[in-house]
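This document contains two forms of one protein chain, each encoded as structure tokens and listed individually as structure 1 and structure 2.
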Structure 1
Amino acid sequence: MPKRVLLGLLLACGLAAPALAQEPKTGGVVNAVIQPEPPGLMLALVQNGPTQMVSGNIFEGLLRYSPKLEPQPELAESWSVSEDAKTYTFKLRKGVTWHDGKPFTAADVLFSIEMLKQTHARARNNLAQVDKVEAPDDYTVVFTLKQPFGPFLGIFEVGSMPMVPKHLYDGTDFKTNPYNNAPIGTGPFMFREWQKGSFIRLVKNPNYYEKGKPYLDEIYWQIIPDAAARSVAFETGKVDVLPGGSVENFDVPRLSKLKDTCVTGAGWEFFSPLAWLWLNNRQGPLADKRVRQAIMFAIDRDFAKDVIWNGLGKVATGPSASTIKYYTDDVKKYPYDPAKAKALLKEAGYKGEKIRLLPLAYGETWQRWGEAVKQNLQDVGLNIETIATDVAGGNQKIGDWDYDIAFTYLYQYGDPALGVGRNYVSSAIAKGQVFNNVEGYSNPEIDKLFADGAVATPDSERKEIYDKAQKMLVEDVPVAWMLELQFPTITRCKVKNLITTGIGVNDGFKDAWLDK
């Protein structure tokens, strides 16, 4: 569907098709929306979505990822893997400088890794298999792993492992370092000013190592708190780029029809957001597998896709999004089948016990989705009570396991070992946290499969393990998978080449240019 939208719009735009062959033009200012206003811009300390979107153009990682999630050179020019898959050698690009003019070297890489281990929970987790990191010379970094770790090349994306300037951070208190407010990176754009509540301004890095890039002179990230006002800002020409999720879904078709407007669902492949319902496996009727299966059969997920998400996205088949590695759809299928759901509930002996449903307080779309799911579940005889709550209250309830069904969506980071296992293995059951195994699913076989899968070689063996894990999970329904979300990015067609990588707008302005 998104591809068809894209294609249709490319054709509608007319200009776009020949544009692929066009020479990039230099110069120009792009206005983009950033929603919500980020809490900070220091990527090593803050990892919120909006922070990444702005700072991904200021900072860089060692690698970049194509839409197919193949690693591409960024600060690392090339890399090699040893025979035993335990030693990774990265050759760094020469002649790279920080925005303040100091050269970027292997010492910065070593420092960044040490700093991230303290400040970046996911990086710490990703680096758990690393035994030691060394720099034999200024432009070489060698990672030695404790054991082979299949997804290792997937952890160097700018948001997962941003490079931090050692000369500005070494020996300081990271949290109070003055450069947190005016970040210095190696990226194509430099931070210039931030008018709180109004805009963030980035300017071209004139000394960028890729000659000719970036093409744009300036980026203004406009901060507009109201969704309707963001749509209007695009219509009136105040902004040229609406990143995914910054306008309500029902506005997307209307905006898409505007003149000179291009829409794409691409640019989220690395994150692959997957929406599901947490089902509290610990207590009440949901402790019974048959009730959980009944929930899968009871929910009309195609309706959710077509009506609530305006046809964007894809119905999920299981714990992995179809865009990430080792995905298989060779699993038990759960089509919309209320009769089957009713039969399963009867078999499980469900007697109308009350079940609490927590919607996600992220705006209209999610609220409507909560109402539709509630209706679906009531139709098969489940006694559902919606609990109204805000984001913080919902997080607290989920973290305290004080819920029966709750909406959520999580990023998957390209590999089941990085983004999937954390929600199903029993070692990830920890009260008080929101993004781990909060459903309380515990299955020693699954634990073993994910433990083996992370370190197995070669790829074919990993695939076999993850195929098995997916099959087993889909049979057990520890959570009810809903949709692979797709957040359409809406741009003025004159903004070219914005989305070229698996993280889209998050590092896309490096290649973007403006056709005037």
Structure 2
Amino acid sequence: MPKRVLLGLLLACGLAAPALAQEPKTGGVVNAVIQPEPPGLMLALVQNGPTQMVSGNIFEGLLRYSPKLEPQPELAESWSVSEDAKTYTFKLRKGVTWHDGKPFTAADVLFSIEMLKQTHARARNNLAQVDKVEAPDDYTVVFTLKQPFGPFLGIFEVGSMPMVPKHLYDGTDFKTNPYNNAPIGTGPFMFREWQKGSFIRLVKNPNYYEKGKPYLDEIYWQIIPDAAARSVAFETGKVDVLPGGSVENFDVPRLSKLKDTCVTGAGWEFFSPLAWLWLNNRQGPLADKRVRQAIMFAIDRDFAKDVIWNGLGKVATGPSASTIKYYTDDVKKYPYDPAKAKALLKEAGYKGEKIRLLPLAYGETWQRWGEAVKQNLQDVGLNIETIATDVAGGNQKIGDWDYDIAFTYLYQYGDPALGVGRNYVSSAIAKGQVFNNVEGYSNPEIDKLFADGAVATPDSERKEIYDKAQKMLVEDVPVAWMLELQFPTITRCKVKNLITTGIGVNDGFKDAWLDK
């Protein structure tokens, strides 16, 4: 959200001045919107935004992260780093149990790592610098790296490396395990019920290892497909929390002015969400760089920012969000220029071949954006066919590479070695997975730059490497970068302490309480 707009909203609901600390109260039920309905809740298998938002309160990682992205204890109570920066030793909390009562130990950590290498594209990329992982005892885990890797302590967030119960998954088919539908974690809330199309119910973990937490008794994640109905649900008191992106952007200012309503733009620091269009580089017209460049010139991204997103965003300049390390805007520029797009299509010899466009089924804003992009592309002569699908169907098509152009937004995770390279290096091309290099872009020089940038020292050398990578990618246009997204969270002011970390609502209910 633009700073002046967000400041105005904060002032309107009395958040500008620090409040006196209050003693948390125990009990109560919070109703929060989840939009859209998650395709699943097993974090080791599904990494869609709605899944992370719900399941980040069921599962846990070894660490949490402050709004400044500083590592904090979670399942690991402490950690140390060797002088050569190649050995990381984590001491696990004792007395932690899974929701079924079984103890959480180092064996679960070792198992989770091996499972995630198979099922979680980002975790696999993050673990590429790990030589071995050992457990000298039940409460110690030692990671030995092949070489120093500066961002290593940033990979242990719950969505990036969720801990999975070995006793329930070892020796099973991960994709068909029945616990995927009734997840068992160590987190502050336990899965209790999912009425498809209606709500997901989480209940307090009575055996949670942090004494006195969580404060709330239950969370109902309300599934309300219609955006107007979501706004009405907040106005009438049916829901207490509207996480970022759950209502139409044009409704944010109006809802923010309601009595006893609080707004914050915090809680997205770890993510820095960046929206783009996947462009299938493998075959057909989009295999030609000139066609991909034409798409960039054809799309009016300022219109999208100002009209469709109501100013809640920033036009992207390339593969890195401006909020993460080593960003540069010293790259090729793609202003809205339909004439330039037409010239590039003519030069490429485009002959009207059909191009399939897959919108993102995340609500009306995304639907309107899909329509606007389709019109932009048709205006320069591209033959566009929209393929409608739900979230799960869209995941399936993208993972199977069965698309030409597809909307998405991905998280950046604070460092290009964690959240950027995974979408462009050839080693991240793996069919059946959704958030890796699904466009099929392959460039040995880019592979080398990201490999070198991950381990280079000092920071000035990393910046030089990533500057070069950004310039090269923006020239090649493996995907069409659209907007850096901003997602304000709207709550009833009685909901206290919900946003305390760099991932906000995704792990926030651990600390949240109701001022009843």
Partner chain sequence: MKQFWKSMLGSPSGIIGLVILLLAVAVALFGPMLFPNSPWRMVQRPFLPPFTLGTVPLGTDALGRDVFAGMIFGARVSLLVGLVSTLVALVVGIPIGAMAGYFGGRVDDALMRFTEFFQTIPSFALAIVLVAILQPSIYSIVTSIALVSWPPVARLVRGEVLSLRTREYVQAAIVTGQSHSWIILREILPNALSPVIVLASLMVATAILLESSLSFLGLGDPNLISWGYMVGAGRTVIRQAWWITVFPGIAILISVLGLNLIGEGLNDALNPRLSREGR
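Predicted model only: the values in this text are computed from it and were never measured. Here the rigid core means the biggest group of C-alpha atoms that line up within 1.5 Å when the two forms are laid on top of each other. The first residue in the sequence of structure 1 is number 1, and each one after it adds one.
Novice: Is structure 1 or structure 2 the form predicted alone?
Specialist: Structure 2, not 1.
Novice: Where is the hinge, among Q486, M163, V33, Y466, for the turn of one rigid part against another between the two structures?
Specialist: In this comparison, the hinge residue comes out as Q486.
Novice: Hey, what angle in ° does the smaller rigid piece rotate by between the two structures, against the larger one?
Specialist: Smaller part versus larger part, rotation angle: 29 degrees.
Novice: Where the rigid core has been superposed, how far does the Cα of S442 end up moving between the two structures, given in Å?
Specialist: On core superposition, this C-alpha lies 10.0 Å from its counterpart.
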